[in-house]
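Just the one chain here, the form predicted alone, laid out as structure tokens.
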């Protein structure tokens, strides 16, 4: 990679870093381009070299948030096919909990925050966010169906509905932890989700 290419990449990441920090606190609509320029120290001309608009910047931030969630939480939980599927789901639940613990319950879920703010006012963002939550649900559904196949999860369980319940419950738990600033709320909710899952287990090896 040449020096100029590295510099361009650094400048783009500098803009994304600043905008992500601001939007995590103030939201997409509450963050102006002037705020981003001031926070990043990048001039307006440089900004428009990398991003044609605030909307394009928003999509880039969303893609970055999704990539981070997939790489740090989703994939590590489900990547090892030798682990029993229910163990993978438990590992995922624990990973989400640990992320909130590390953040001291500040900020909530970036994807959930954007979904709450923009789904009713920006169709493009709504569709992109819907795709993300669908992918999340599908990974859980796949693991649940695998557990049914190996006999550790009851056949009567509707894997798709249960996966949707897990996603919705986790998002609600993150929101409540953000509001109360108490990690115990998140810990309790994750514990209850594991207990709920246990009602569908058959006692066979996971």
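Numbering follows the first chain given and starts at 1. Since the structure is predicted, the reported quantities are computational estimates derived from the model, not experimental observations.
One more form of this protein should be noted, the form predicted in complex with another copy of the chain, which is absent from this view; the next part is about it.
Legend entry - Heavy atom of residue 60 within 4.5 Å of another copy of the chain in the predicted complex: No, no contact at 4.5 Å.
Inset, instruction - Using the partner position in the predicted complex, report whether residue 70 sits within 4.5 Å of another copy of the chain, counting heavy atoms only. - result: Contact with another copy of the chain, no.
Legend entry - Non-hydrogen atom contact residue 124 with another copy of the chain in the predicted complex at 4.5 angstroms: Heavy-atom contact with another copy of the chain at 4.5 Å: absent for residue 124.
Legend entry - Contact of residue 78 with another copy of the chain in the predicted complex (heavy atom, 4.5 Å): Output for residue 78 is no: heavy atoms all beyond 4.5 Å of another copy of the chain.
Legend entry - 95, 141 and 145 each touching another copy of the chain in the predicted complex (heavy atom, 4.5 Å): Checking in the predicted complex: none of 95, 141 and 145 is within 4.5 Å of another copy of the chain.
Legend entry - Segment that reaches another copy of the chain in the predicted complex - one of 62-70, 47-55, 173-181, 146-154, heavy atoms within 4.5 Å: Of the options given, it is 173-181.
Inset, instruction - Enumerate the residues of 176-199 that have a non-hydrogen atom within 4.5 Å of another copy of the chain in the predicted complex, in sequence order, or give none. - result: The stretch touches the partner through 176, 178, 179, 180, 181, 185, 188, 189, 191, 192, 193, 195, 196, 199.
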